[in-house]
Structures are given as C-alpha cells and as structure tokens.
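There is one chain below, alone, in structure tokens, taken in the form predicted on its own.
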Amino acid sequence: MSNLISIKSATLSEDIAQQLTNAIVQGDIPQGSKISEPELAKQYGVSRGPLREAIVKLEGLGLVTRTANVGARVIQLNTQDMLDTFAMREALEGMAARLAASSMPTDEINSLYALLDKHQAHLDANQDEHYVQQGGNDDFHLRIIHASGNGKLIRLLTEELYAVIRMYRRHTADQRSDPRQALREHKAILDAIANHEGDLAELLMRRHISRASKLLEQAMQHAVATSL
C-alpha cells in the first residue's frame, strides 16, 4: 500500500511540475517572482509535499533558484545566461541533427515536412505573425533531438536545457523578425536529414541556432533599453 501511495504522489508531483513549467514559460508566473507554497498549494488543490517535490524538479530544470532565508524564485532571464545556454544548445542540437540524418525513419521525416507545411499555412493566414513555439510533437527541434537516438544527448537537451530554452524563445517571440527565414532554415535542415547528409544537417542546425542566439541577444537588449 505504501508503494502505491508513493507512486501516486510521484505522479501528482510530476503533473504539478509540468503545469508550473508551462505557467513559467508562458509568463503566467512572472520572472523573478517568489514561489509561494501556500498560494500554489491552494491554487492547485494539493498538499505541500507533492508541491515541494515539483519545485525541486523545477530547480533541476533551471527554472527556479533557491536562496537561503529567501526561498524559491523564478529565474530572471539575462543576456549572458542566454548566450551560455544557446552555445551549449548549438553544439548539442547540431550533433542531434547529424545523428538524426542517419537514423530518422521516413515516416517521421514525412511527418516533419507536414509540420512545416502547417507552420507555413499559419504564416500565410496570419500575415507572417510568429507561430508560438509549441512543446511535444509540434516542436520541430524537439522531434529532431529525439530522432538522434542518443539517450544522454536527449536527456541533456530535454531535461536540463529545454524548459529554459522555451522560456527564452517565448519571451522574445514578438520581437524577432522574419519568421519565414526561420521556416526556410528548418526546411533546409530537414532536407539535409532526409538526404542523409549528416555533416550538412549539423552545419545548418548550428548556423540556425547561432542566428537565433544573435536575434535573441538583440531582442533582449532592446527590451532593456525600452524599459529604461
């Protein structure tokens, strides 16, 4: 019986962690805000135990920091952390694209082409308005990461970096220019993977993320300047 209770508790804490992650990424829980366990426990209708487990998971994802005598707070995005994070992302996702070029099944490649067509349709229907980057199967990058087949690489990108990367992407989505350029780059990467050109896929992915990093840096600097 105690084992069943433990499993149920773990499942609950994971569910809460996912909901809190989404709330932080979407900005519903603001950057730098203090995490109030009583308020969150009331909001989600849970006891403090599973909530604390969820907050520990958020610390592991890099979304929350804890300071002695202060407690837990949502991270505050900053340019240097973004540059450090995206430097790691560039190297790791470049590797993922190279590995995916030799292992991604044809049906998954076709599914990704369909996803890019969906993104194209969104841009056509919404006057080039940025499509909000989604998690799960709608995230082009995440699906390439999983197609790499490298468990350690997948864990690093999806468990340790992914949530923070989503936060940066979401935070500056409305300030980035030319979403069609990003879509063209996605298609070029997928073409290289479909043609089993691993070196080219890695090169294009690294260039794509390097460009995104530069655009994010400009957007963050602009946000700081306009807030003064």
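Since we're looking at a predicted model, the values are computed, not measured. From 1 onward, residues are counted along the sequence shown.
Omitted here: the form predicted in complex with another copy of the chain. The next part is about that form.
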{"query": "Non-hydrogen atom within 4.5 angstroms of another copy of the chain in the predicted complex for each of L123, R180 and A188", "finding": "no"}
{"query": "Residue stretch of 100-108, 113-121, 139-147, 87-95 approaching another copy of the chain in the predicted complex, non-hydrogen atom distance within 4.5 Å", "finding": "87-95"}
{"query": "Non-hydrogen atom contact E53 with another copy of the chain in the predicted complex at 4.5 angstroms", "finding": "yes"}
{"query": "Non-hydrogen atom contact D15 with another copy of the chain in the predicted complex at 4.5 angstroms", "finding": "no"}
{"query": "Another copy of the chain contact in the predicted complex: G62, any heavy atom under 4.5 Å", "finding": "yes"}
{"query": "Touches another copy of the chain in the predicted complex: R206 (any heavy atom, 4.5 Å)", "finding": "yes"}
{"query": "One residue of R170, R184, R66, H196 in contact with another copy of the chain, assessed in the predicted complex (non-hydrogen atom, 4.5 angstroms)", "finding": "R66"}
